[in-house]
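Just one chain is shown here, as structure tokens, and it is the form predicted on its own.
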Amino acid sequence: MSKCEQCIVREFSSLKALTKEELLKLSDCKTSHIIKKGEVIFEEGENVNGIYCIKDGICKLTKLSANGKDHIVKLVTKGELLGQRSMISDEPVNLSAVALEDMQVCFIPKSEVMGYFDKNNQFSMNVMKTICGDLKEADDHMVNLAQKTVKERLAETLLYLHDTFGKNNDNSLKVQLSRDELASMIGTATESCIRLLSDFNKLGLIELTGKKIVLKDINALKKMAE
């Protein structure tokens, strides 16, 4: 993997505030890992003692509910950092991270990162802004669960997957989630999710081929999601 100062991915995260000297030092202490699809990066309750920078790939962040089911809180892609909140609060991670596809990640030890908080104010501000952004997303998601119907949430989630992660050459959504995972994201039972997808298919809003989903009428989905 490339050196931190040569890595374009850092421009998308808090690390963009680090100086060349700081990045050179970071390169010496980071470790690079290949994570295969389905593998766990870290588990809820684990002491990570650092942050992961995603160089390539997508993972899901999940929270174990009281009934023993994993609920998908967020999908995270290249350029983002994992573990910032737990590193600052000095607590075990609150979520699990699982690879949705093959990933390249770099692990940076906490001892190294925390030193930048004293020396680099812009880095500190970037981390705080990221955590504040996560809190805002969590607030919005909670309101959506309370006020929007399952149909509206499904339309919104399909558009989010399309706009954030893009599509394949055959126009299907690049991120292929199982029906269980999709149901988890919108906060409903798997059976309800399957039934709604079938309804969307019949209405010509989407096209289903196995796990693949093609959005056929984006404008109609936008109106439904409002």
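We number the residues from 1 along the sequence you see. Please read all numbers here as calculations on a predicted model, not as lab measurements.
Beyond the structure shown, there is the form predicted in complex with the DNA, which is absent from this document and is the topic of what follows.
- Just one of Lys78, Arg85, Lys74, Lys151 comes within 4.5 Å of the DNA in the predicted bound form, counting any heavy atom, and that one is Lys151.
- Note on the partner interface in the predicted bound form: the residue among Thr164, Ser192, Asn168, Asn49 having a heavy atom within 4.5 angstroms of the DNA is Ser192.
- Stretch 193-201 is the answer when you ask which of 57-65, 193-201, 28-36, 156-164 has residues with heavy atoms within 4.5 Å of the DNA in the predicted bound form.
- Proximity of Lys211 to the DNA in the predicted bound form: non-hydrogen atoms within 4.5 Å are present.
- Interface residue remark: Ser184 is not counted as part of the site for the DNA in the predicted bound form, having no heavy atom within 4.5 Å.
- At least one heavy atom of Asp180 is located within 4.5 Å of the DNA in the predicted bound form.
- Looking at Thr188, you'd find a heavy atom of it within 4.5 angstroms of the DNA in the predicted bound form.
- Using a 4.5 Å cut-off on any heavy atom, none of the residues of 110-141 reaches the DNA in the predicted bound form.
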